[in-house]
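Below you will find one chain, with nothing else, as structure tokens; this is the form predicted alone, and questions on how it binds or moves follow later.
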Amino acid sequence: MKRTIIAIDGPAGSGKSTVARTLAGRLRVAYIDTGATYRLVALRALQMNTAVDDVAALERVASETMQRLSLINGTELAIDGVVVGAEIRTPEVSEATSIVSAHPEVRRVVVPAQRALVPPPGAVVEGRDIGTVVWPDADLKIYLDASPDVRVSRRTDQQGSSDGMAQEITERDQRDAHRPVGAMKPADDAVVIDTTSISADDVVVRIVALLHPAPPGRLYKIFRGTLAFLLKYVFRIEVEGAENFPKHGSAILAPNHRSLIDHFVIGALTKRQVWFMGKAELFENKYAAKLLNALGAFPVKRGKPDRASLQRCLELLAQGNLVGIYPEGTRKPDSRFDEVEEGFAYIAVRSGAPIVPIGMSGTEAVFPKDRKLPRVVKIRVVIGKPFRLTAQTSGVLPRTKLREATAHAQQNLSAVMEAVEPR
């Protein structure tokens, strides 16, 4: 039986614990609260009068505590077989935990123990660096967040007092986000969910849907399978970095664009359905439009801003789909991401979706100018690691920020092109 690891990260008050426990129960796997392991170390340090800045002593405390740690009934942490209770949830322990957990020496001791807690069937593991440090190869990575006022309200409800809560959360966020090891941030391939206005049950439903997405339509699967066969056995396609395709959640697939067959190549590289924009003229015939829609295409009007296609793109990403967008906006025989359109960066910033850079070489030779039949040539593809331009952004987007995001995107895209086809 394959072990399934679901990593859930996020700041205090984002709903991690409630969602993680509920999800683990729904999936019938273990639930592990990694924050509790650091709380245990902090509690033990307080009991032994160990200073929170005495790194050597804290490392010894952490080692001794982790050796006595176990998981009871798949959900509860225990020391020497005794389940840990409310003693690790006091304000004093909470304050000490945020400081103790920032020490790299302590984290080097605790992280292997956290991994060892996961039983063979798998677990839902929650914390602040699960997808980036503890389980970077998790099957699904989720990052939960919420507005500061909602997070303060939730923590107040949990602890029964609002005294200093806003300041406590702000200071804790700062420490967690800037610690030298295991800083709190979404993994590049994590699915980010804003829980401000949705219930924990709704979040769980969304995560389960990500684990078991609706399969592509029959026509798409037949078309995709045929293309994959031709590319592998006829065009001898060479693919590097296929593991960088996200298994779950939304992502922007960003290939260079040299040939009419490029979108077919990208679609054949993953079994997940890929949605591409297509020029509006192709959809004027209702039968052609029906076929294109079945194959994952949607229309865009070229030459001017098309709000409808932009909105469709953002909707598809919000629903957890893969959307293919050519960053340069048009087809060029020597395309290498030398000019990235600001509209591409705009979609990435507005959606907050990770970008998967894809460099292709050889597709331009399949259909050279004035040739009606394809040539059989070798196609090489390099798929880079996903990256984000920023967290999801709403409201007014300053032009300077958009230009910075575009430059950042171009730098990452150009790097993968150099890997596939050095100048």
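Note that the structure is a prediction, hence the values are computed from the model and not measured. The first residue of the shown sequence is 1; numbering continues from there.
The protein also exists as the form predicted in complex with 2'-deoxycytidine-5'-monophosphate; that form is not presented, and the subsequent description refers to it.
Among heavy atoms of residue 362, none comes within 4.5 Å of 2'-deoxycytidine-5'-monophosphate in the predicted bound form. Using a 4.5 angstroms limit between non-hydrogen atoms, residue 384 is distant from 2'-deoxycytidine-5'-monophosphate in the predicted bound form. In the predicted bound form, 2'-deoxycytidine-5'-monophosphate sits within 4.5 Å of a heavy atom belonging to residue 89. 2'-deoxycytidine-5'-monophosphate in the predicted bound form is approached by residue 176, whose closest heavy atom lies within 4.5 angstroms of it. Highlighted residues 224, 263 and 321: none comes within 4.5 Å of 2'-deoxycytidine-5'-monophosphate in the predicted bound form, counting any heavy atom.
The contact residue chosen from 172, 312, 350, 154 relative to 2'-deoxycytidine-5'-monophosphate in the predicted bound form is 172, the criterion being a non-hydrogen atom within 4.5 angstroms. Stretch-level contact check against 2'-deoxycytidine-5'-monophosphate in the predicted bound form with heavy atoms at 4.5 Å: of 235-243, 123-131, 324-332, 341-349, the positive one is 123-131. Contacts between 78-101 and 2'-deoxycytidine-5'-monophosphate, taken as any heavy atom within 4.5 Å in the predicted bound form, involve 89, 97, 98, 101.
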